[in-house]
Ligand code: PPE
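Consider the single chain below, provided in structure tokens and representing the form predicted on its own.
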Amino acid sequence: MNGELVPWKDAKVPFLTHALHYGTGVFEGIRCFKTPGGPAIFRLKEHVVRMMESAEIYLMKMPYSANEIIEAIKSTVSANQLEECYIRPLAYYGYGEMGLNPLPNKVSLGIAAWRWDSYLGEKAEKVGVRCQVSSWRRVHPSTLPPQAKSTANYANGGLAKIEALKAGYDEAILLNMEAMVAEASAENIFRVKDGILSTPPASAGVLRGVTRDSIIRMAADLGIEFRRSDISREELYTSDELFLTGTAAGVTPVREVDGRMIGRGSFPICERLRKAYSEVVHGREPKFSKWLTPVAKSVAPQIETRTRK
């Protein structure tokens, strides 16, 4: 927290922390995987760059550089002696002045790492998940910036997730204000029809997921035809395959949407991509080795706060 490694029990914030009351924080979800060369963090640089860009969108002056954050993340994983883990860096406006204007308050940075195996359930990767199209719409660019991975945006996904769970489903799919598919509550969505892979474009109001980008690049490597295109609700129902991607969820097939079975209940293209993704993140595909950042065995030096005007 703020440049120092501290015990979990001491990782506390004041009750009047601005972000706690007004959702003024930006964050990332990152994975570290076990590889033949030791634990390695998947696409660490890309995640940190996106976090810096989210901060820029919100006029948040980050107290550390991207390289300092990268080293701090490696230090946190190393200090916890984790071979595989989920990593959560969070930059947020801290305790200071209350009121909607966050700018007078200092920006703090915390980084946590913990073992988080299956986000959508242990059987999800094999049998797929059941989804509901939510009555809640994805935040519109005229209300909140969907390209920023901000804490405020996830209240939107949280409402959709709760609605789906209460109705007996595993996950929610949100449409945008134009009634086209945006994304799931915390994942991007891909469709397969007649052998062609597609996903909604950024203009649909999606977050440009790092896992989403990885799947697009791996699909090209595997010779799978790909398009960015809008997807209507009824096109969800008539898909041959649907699957979700995200740092927490990995690559997870969708077997049902709104009570309708998707395709024939099998996911051949999704399975190809899921296996390819697993090979890449576990360091067994040299072609994409540049996406992996090894975690040093020794704890890196703690970082110091830089003074910003």
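Computed from a prediction, not measured in an experiment: that's the story for all the values here. Each residue number is its position in the shown sequence, starting from 1.
What comes next is about the form predicted together with the named molecule, which does not appear here.
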Task: Site test, Val127, Tyr237 and Arg255 vs the named molecule in the model of the complex, non-hydrogen atom cutoff 4.5 Å - done: no
- Query: Is Trp116 close to the named molecule in the model of the complex, meaning a heavy atom pair under 4.5 Å apart or at it?
  - Reply: yes
| message | Check Arg212 for me: does it contact the named molecule in the model of the complex (non-hydrogen atoms, 4.5 angstroms)? | response | yes
4.5 Å heavy atom contact, His47 and the named molecule in the model of the complex
yes
**Asked** So in the model of the complex, does any heavy atom of Arg191 sit within 4.5 Å of the named molecule?
**Response** no
Answer among 193-201, 68-76, 218-226, 81-89 for heavy atoms within 4.5 Å of the named molecule in the model of the complex: the stretch 81-89
The one option of Gly283, Gly29, Gly263, Pro63 with any heavy atom within 4.5 Å of the named molecule in the model of the complex is Gly29
When the named molecule is considered in the model of the complex, the residues of 147-162 having a heavy atom within 4.5 Å of it are Lys149, Tyr154
